[in-house]
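The chain below stands alone, shown as structure tokens; this is the form predicted alone.
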């Protein structure tokens, strides 16, 4: 099926207390397709006033509404209907995602389908959420540990995977019985607003999920500082995550953070080099490198570093970069001019610092924000391209001689979000998986998984875990209850 650009941009309103809500029309945000340079969406720029209204709706729904009090089966039924509706609207959601983000349409379709799987899994979690009991306490006590929903959760999501990252959080928030205020990126708000509408159709009570579109300041800032928000989940850069953590201190709210990464791909000499080359290239080019778990540091055992680099460069020249509406495109556009300039700036810094450019390194000519897959060798530890999260399709190759040296190099970073190990030796795979400091480790594959597996980071890559059984735990409070059985021994004696 041939896809076309819309004749006019699609307008999205905010969603508060079960209704579409208009904000100040003078502050509309017009989103241009980064691949085509034409307007595709119009959002409203929410202010603290809209945040107040959204939080008030979520607060009422939590304090007085049915959602936190309905059983797991009731919550699961709504989440399952939401998953069905996502699949029914897959193409519409995928097209909006591609137009706003610039990612290939085939990737958007895959993300929407995988997001539906997240909602289905969370439905199951809603039914197995449970506490514990202690029948061995002294003094005739019986102990119960229960999990209760934490309350109103503010969810602030980024532009790189707007629909899928939302699906890694929102269904688990709802499975726990919480209510939510969502603030999507000002670049990619469309599918989040659409999801709120699908949830209403699925039977979610009004006020349980609310969407405020707009900029991080004021809308995102107002959510993080709001006294009636019990928890904030933020996904984005480490710098903004740090400011979110500081802002949350105003009322000591819980914070979940998934932040930046400078993720190593460790390739040992006994690895299948053809498989590793393809996997490494995918790991750095997926979503045009705009991926927090992008494997942007290739750490290769010295004896195979040269041959592996040659294979990667050969494959990189075959990667199809271009119009994301075309079915055969593998790498789409960079999200905006600012991010494009950042990537090209790092490429220039790498060359000036003495790294050797093996391929790419330039913006593709013509309409759209496209960067060629770029590979550097001769990269040294002090170079900015080796230490900073570039968030683009830029790979830095560094050799190592021993296992210990490779692991030390992998861990010599402020981040700890993900790591990938390529080896045919089981001992090496397990040993490396144990010693690398990262929240997710892949062996002989990369950037894959399912809703059953938890995600999150070590060090400055974040706090907390999402998805899996651990994901719903994030949005609950643990309460211990002690019940006296029989008569209590009197303190005051006659």
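Numbering follows the first chain given and starts at 1. Quantities reported herein were computed from a predicted structural model and do not represent experimental measurements.
Another form exists, predicted together with a small molecule; not displayed. Remarks below refer to it.
> Could you work out which of 114, 377, 221, 411 is the residue within 4.5 angstroms of the small molecule in the predicted complex, going by heavy atoms?
Of the listed residues, the single hit is 221.
> Exactly one residue in 78, 397, 93, 156 has a non-hydrogen atom within 4.5 Å of the small molecule in the predicted complex; which is it?
The option sitting close enough to the partner is 156.
> Heavy atoms, 4.5 Å, the small molecule in the predicted complex: which of 334-342, 364-372, 170-178, 104-112 makes the cut? Say which one.
That would be 334-342.
> Would you check whether the small molecule, in the predicted complex, lies within 4.5 angstroms of a non-hydrogen atom from each of 267, 276 and 279?
Answer is no for this spot.
> Can you check whether residue 236 is within 4.5 Å of the small molecule in the predicted complex, heavy atom basis?
Residue 236: yes, in contact with the small molecule in the predicted complex.
> Heavy atom to heavy atom, is residue 190 within 4.5 Å of the small molecule in the predicted complex?
Flag for residue 190 set to no.
> Heavy atom to heavy atom, is residue 228 within 4.5 Å of the small molecule in the predicted complex?
No, residue 228 sits far enough from the small molecule in the predicted complex that none of its heavy atoms falls within 4.5 Å.
> With a 4.5 Å heavy atom cut-off, would you call residue 100 a contact of the small molecule in the predicted complex?
Contact with the small molecule, no.
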